[in-house]
Each structure stands twice: as C-alpha cells, then as structure tokens.
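This document starts with one chain, in the form predicted alone, laid out as structure tokens.
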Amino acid sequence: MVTLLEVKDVYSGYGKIEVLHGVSIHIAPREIVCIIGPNGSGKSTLLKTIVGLIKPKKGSIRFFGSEISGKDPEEKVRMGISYIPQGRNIFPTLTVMENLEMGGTPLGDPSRIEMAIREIFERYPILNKRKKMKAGSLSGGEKQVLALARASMIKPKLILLDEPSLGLAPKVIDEMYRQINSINQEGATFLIVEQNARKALRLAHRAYVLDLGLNRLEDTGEGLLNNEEVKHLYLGR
C-alpha cells in the first residue's frame, strides 16, 4: 500500500512540556482519517507538529516517503499540505476574494490563481455572492466554508482539519461534511481532529484514538463507532 503520510514514534510538545509520547499514524492517498480523544490528549498538537508549527523532539514524519519533520510550514504548503486550525483560517479584515487570493499565493501564476478562484466559486456559490464582503462579517458556517475553500485553492494532496464543526449548527455541520466528502472523492486526503466524534467516524475510512499523548486504538471509522470501549469512554451512550 502506498503511504501518503507516515508519522512514526513522534514525541512533541511545548517547551519542556511533552504532549505526544511516541505517537504513530499512517494515511494512504485519498483516505479520510479521523483522530478522536478527550481534551488534552494531544490531537491538535499532532496536527501542529505535522504541519511544522511545532518541531518534534524525536521521531519521523514522512510525506510520500520523504522526511519532512525539519521543514517549515511554508515548504510543506508548497509540497501540497494545507492546514485549517481551530477557529478557521481566514483573515477577517480582508474580503472573501482577497482571502482566496492569499490562499492561492503558492500557485504563483496569476492566471492559475484566477482559474482556481473560478472553480471555488462554482463549488461554493455562497462565496461568489459574498466575494466583496469582509470575511469577518460572514456567519460561522460561511467562515468555515471560506477556510475550506482557501485550503483547497492549491489542490492540496493532504488537508489537515482541526475541529471543523466547532461552534457550528447541526445543518451547517452536515453540509460541511458533504463538502469534505466531495473534495475527498476528487482526490484530496484528509486528516481530521474532531470532538464531534460520531459525525467524523461515520465519514472516516479509518480512525485513531489518542489519550494522554499515546496511541490507544486504531480501526475503521465504523469499527470504532461500534467499539464498546469507545462508546463508553469517548462517544457517550
């Protein structure tokens, strides 16, 4: 099996505080992989370490077989990794159009950026309607759509999503996950950290449970949904 991302025995944290204690995951191309676990388990820290906002203290991170643990976030973006942190990844004082243009910067050629924006507007008509509005004036759901659209501008091979449903209404969450599924079917791979575990596990091909910075369980999304231990500890009955 071809491996798109391999995180092997990674230790990481903030200063002297170690949060991840030898975490390992792997993702194949076109997979949707979900990470669940309690607050403080290291889920967001893992994404930040993969994208390069935190340097691992030990371990290996490989993207299509190449070691990337020492690379900066900008280099990883150019390699095809997009990251949407908690609270969206938009510039609230810029317009929707300006946000998309910023997201397309790695494409370099203005004609390629223009073409990517046209494709975004075809996929998300609401953004076309709001293109002259300041991003900060959008609704919570529209901001998340814009964040996903910005991340999609470069047609990334891997999209890292941290708590995408946070603060959103159930109908908005449903629509967002439909979009994630659609983008995945077109070829993008997703690694999603999510507190709304049931929703994410229903969509995920595979999933991991992190607890106290350690791998606890790994299975298909459906397998973890039906796992009695997971139901009891992480999903609630």
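Residue numbers run from 1 along the displayed sequence. Quick caveat: nothing in here was measured; it's all calculated off a predicted structure.
Beyond the structure shown, there is the form predicted together with a small molecule, which is absent from this document and is the topic of what follows.
For residue 70, no non-hydrogen atom is located within 4.5 Å of the small molecule in the predicted complex, even though that partner is not displayed.
Interface membership of residue 25, defined by any non-hydrogen atom within 4.5 Å of the small molecule in the predicted complex, is ruled out. Taking the partner from elsewhere, residue 142 is found to have every heavy atom lying beyond 4.5 Å of the small molecule in the predicted complex. Mapping the unseen interface onto this chain, residue 41 counts among the residues with a heavy atom inside 4.5 Å of the small molecule in the predicted complex.
Judged by heavy atoms within 4.5 Å of the small molecule in the predicted complex, the contact stretch among the candidates 197-205, 171-179, 44-52, 62-70 is 44-52.
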